[in-house]
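Below, in structure tokens: the form predicted alone, a single chain.
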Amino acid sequence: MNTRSNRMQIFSDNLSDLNIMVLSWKEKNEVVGFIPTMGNLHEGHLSLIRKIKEFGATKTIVSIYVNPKQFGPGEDYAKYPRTLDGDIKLLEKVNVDCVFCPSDKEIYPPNVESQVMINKLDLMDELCGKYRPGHFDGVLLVVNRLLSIIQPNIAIFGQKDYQQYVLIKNMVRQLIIPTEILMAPIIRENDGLAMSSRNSYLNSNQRSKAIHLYKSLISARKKIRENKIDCKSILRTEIERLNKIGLSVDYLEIRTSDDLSSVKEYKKKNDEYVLLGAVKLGKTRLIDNIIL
């Protein structure tokens, strides 16, 4: 069903109407900007909308779809927060032009190939991929499908999911998809915790501990820049500290910022590297990163 909420179009099916609308925008030389989300919107998502307008989007489309294929067995697909009515109200306030809320059958129609045929990077199975096998296959599948449906000029992703951003850029390059992929900076709570829908899972004790991931990234960055001891020793110390506090560390690593390749030797250059971390607090998994 397709509806209109004030000036904002809402599409849930009938993709031909959505395609016609996007084509009419492009014929008028509008720049179509796309922001894919899984809903439960917060200030981090809204910042993506503002940022893509800064990058030149004159029309904006936000998708809200909880993608089952990027959740592994035992993960939080069933309980992932679904707040569609509230999300739509938020999007009206920031003057989004169109919301796309597809069903599973629209994203994964029967008899359609359920994988993306690209030369997969080793990165798919590293960092978060090591702890969430198959996750990035599901991410690339849904992003490829959404880009093919909407065909935007530009699409934007948050820096918090840095590995996702790198892999999507690689997919778009390989498949020659005519959409420019952009990245927006992390939006943080007042104490520095990266905004995430999963933060709502944390109890008060876990929430007070969660900030230590960001603190460790900041501390490690400072020590690495001072270059007094090797990076591995610095990161090992921070991992030990986090584990003692009660954050179960999946990884805390330094990688190159362009393609997340491993770093054998750190050489002091601004914006050449990124520090990435992932921890578990109870059943909640949090990720964060900072650029060196």
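Worth saying up front: this structure is predicted, and the values here are computed from it rather than measured. Start at 1 with the first residue shown and count on from there.
This next part talks about the form predicted in complex with ligand PAF, which is not shown.
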(Q) At 4.5 Å between heavy atoms, only one of the stretches 158-166, 115-123, 86-94, 185-193 reaches ligand PAF in the predicted bound form; which one is it? (A) 158-166
Q) So in the predicted bound form, does any heavy atom of residue 44 sit within 4.5 Å of ligand PAF? A) no
**Q.** Non-hydrogen atom contact residue 31 with ligand PAF in the predicted bound form at 4.5 angstroms
**A.** no
Q: Decide whether residue 143 counts as a contact residue for ligand PAF in the predicted bound form under a heavy atom distance cut-off of 4.5 Å.
A: yes
Q. Taking the shortest heavy atom distance, is residue 139 within 4.5 Å of ligand PAF in the predicted bound form?
A. yes
**Q.** Sole residue of 263, 38, 245, 249 within 4.5 Å of ligand PAF in the predicted bound form, by heavy atom
**A.** 38
Q: For the stretch 70-92, return the residues whose heavy atoms include at least one within 4.5 Å of ligand PAF in the predicted bound form, in the order they occur.
A: 70
